[in-house]
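Just the one chain here, laid out as structure tokens, in the form predicted alone.
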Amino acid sequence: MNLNIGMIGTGSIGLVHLLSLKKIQEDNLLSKHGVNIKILGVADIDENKLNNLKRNNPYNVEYFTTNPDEIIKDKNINVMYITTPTKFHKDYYIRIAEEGKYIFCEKPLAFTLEDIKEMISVEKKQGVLTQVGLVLRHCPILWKLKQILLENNEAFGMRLSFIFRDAQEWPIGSRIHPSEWRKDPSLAHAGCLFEHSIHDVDMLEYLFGNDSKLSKLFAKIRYISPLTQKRLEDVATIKFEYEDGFVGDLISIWNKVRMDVRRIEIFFENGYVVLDGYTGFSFKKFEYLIGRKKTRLKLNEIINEYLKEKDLPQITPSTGLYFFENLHFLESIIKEEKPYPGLEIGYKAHKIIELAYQSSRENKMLSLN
């Protein structure tokens, strides 16, 4: 079996995926399955972006095109990546699914819940396998955080509260995440909560959703920055309440400070967990306390434990969690297993976010059901 990959969109996230795929290819990480991968074709309607990539071609792409249909219709391509601005996700997804190709679709999935429902319906009808780019579910650091919560559930005692803080430099004119299209609501739909903190909303489901269902939320969303004429939110706060009484807050911020960092605090009857300065690739502090015993964690030990758990060789992937995300997707295809996370998980995150927008508009707490 050969996996011939096509990609639509060569922005910053597209290049990250290409780099991850190149690493998987060069290290022969799929050879144990008797599988080879080839990045066959890449499409982008922006000819300048495409030419810049084509000039050096560090990923050994076979051909480039400004016509996405050429990639979609190519019978030699059986795996597709959708890494375009959000506006185009649904349309490309449906057209690719109708060709029977495996699909990786970046987040956010689409502008509306109805659009995502349509994508789910097409997925089922065509019988294709889909993975959604909620990449934090493949982060060794957050995987370890979840293991700590599971292994120490009784010792921690009753869950009390949490604080998630997500602060990122505005992606407009940013040196960290340059993506000018995000200033246009017709391409991005919404701001910091929708485009970035969808990851954090999904993490709340990943970490806490199995223990008790989210029941209510109350949100305040503000539109401050003149960068988008106050059309896209750059401050969002959401208060969450679970069926067992567990409560907490998510704070999402876009500003002009050069940073992309998260802080997570979880409080229990008998202790706490703190993850500070988390970037997806590293952290400043990761510790937990139970009673009087404090445990501090080291990044290299977490990575080694994760590699052992996933039966991977000792590697140092330059793209971190994106590397693990891509490797999982390709191995799911090879094993003919449902990739993780799928469209249904993506839909749940979108549903929570849409409820937050509604709560802020109506200035009241809303029930998830």
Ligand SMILES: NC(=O)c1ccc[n+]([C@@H]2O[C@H](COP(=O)([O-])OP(=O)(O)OC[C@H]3O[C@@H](n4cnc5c(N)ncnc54)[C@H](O)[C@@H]3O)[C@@H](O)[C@H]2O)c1
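So that there is no doubt, residue numbering starts at 1 and follows the sequence shown. What you are looking at is a predicted structure, and each value in this text was computed from that prediction instead of being measured.
If you look for the form predicted together with the ligand, you will not find it shown, but the lines that follow are about it.
- The partner is not drawn, yet in the predicted complex one stretch among 76 to 84, 225 to 233, 118 to 126, 203 to 211 has residues with heavy atoms inside 4.5 Å of the ligand: 76 to 84.
- In the predicted complex, the ligand lies farther than 4.5 Å from every heavy atom of residue 143.
- At a distance threshold of 4.5 angstroms between non-hydrogen atoms, residue 169 is out of contact with the ligand in the predicted complex.
- Put simply, residue 68 is close to the ligand in the predicted complex: some heavy atom of it is within 4.5 Å.
- The ligand in the predicted complex comes within 4.5 Å of a heavy atom belonging to residue 9.
- Of the candidates 101, 137, 89, 159, 89 is the one whose heavy atoms come within 4.5 Å of the ligand in the predicted complex; the others do not.
- Out of the listed residues 310, 328, 38, 49, 49 is the one that sits within 4.5 Å of the ligand in the predicted complex by at least one heavy atom.
- Along 319 to 350, one residue reaches a heavy atom to within 4.5 Å of the ligand in the predicted complex: 322.
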